[in-house]
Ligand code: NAP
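The chain that follows stands alone, in the form predicted alone, written as structure tokens.
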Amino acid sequence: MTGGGRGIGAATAMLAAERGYAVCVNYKKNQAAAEAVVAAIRAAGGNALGVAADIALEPDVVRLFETVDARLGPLTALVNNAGILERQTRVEHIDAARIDRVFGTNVRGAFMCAREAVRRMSTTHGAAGGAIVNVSSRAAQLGAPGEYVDYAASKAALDALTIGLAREVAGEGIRVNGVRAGIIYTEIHADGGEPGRVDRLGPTLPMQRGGAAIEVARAILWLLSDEASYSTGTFIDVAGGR
């Protein structure tokens, strides 16, 4: 679980542990938040490990997966959840450094984590298969105009990775799917400069409210489970009808 210390990642990590997974809670900087998730899982009788790694950096990704190998055993599931956005602005104000930061985590990081997962899950490498879920956003299809088109574009790239990789490894025991989150109560909106964004937009949605991180987590866990055994290269929109 990349980006497992807060929001959707934390909710997914705890739900996965409840359902019997040994969970690696990856984080970049917020050690305290990740350790709180790990402690909660262990207190409930689950098995969890916190690992600091910046998934935008290839050596960190390799070390992350090697740590999982050594501490938790064979990899059966990957949730590519880590994602960043920056302050709301128009495209005319976005510089190359910002694009590199956003795509470095949201796209390059997801690719490298998927690569490491396939190397460990594929039946062509003697493994038993597995499942990957990429956490995308409805912004991938809506574009996030006036807010963060760069973030939306990065999530559109993640959707393309989901479809292409799913077809690439479908015959190797690996399923790859995506969940497109909508307006969800998480800390990421504060990163964009508007902590109250969900309260502003929630009433305008067909369901007239923002979503909870656990509602996204449930969709992720379903796609990881055997109940989704014939689903690959597909998406669940958890967006209140948006």
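Start at 1 and count along the sequence shown; that's the residue number. Keep in mind that this is a model prediction, so the values were computed, not measured.
Absent from the display: the form predicted in complex with the named molecule. The rest refers to it.
This chain is displayed alone, yet in the model of the complex one of 68, 48, 217, 55 has a heavy atom within 4.5 Å of the named molecule; that residue is 55. Checked against the named molecule in the model of the complex, the candidates 82, 131, 118, 165 yield a single residue with a heavy atom inside 4.5 Å, and that residue is 82.
Stretch 188-196 is the contacting one of 170-178, 201-209, 38-46, 188-196, since its residues have non-hydrogen atoms within 4.5 Å of the named molecule in the model of the complex.
Within this chain, residue 63 is remote from the site of the named molecule in the model of the complex, having no heavy atom within 4.5 Å.
For residue 135, a non-hydrogen atom is located within 4.5 Å of the named molecule in the model of the complex, even though that partner is not displayed. Contact residues in stretch 95-117 (any heavy atom within 4.5 Å of the named molecule, taken in the model of the complex) are limited to 105.
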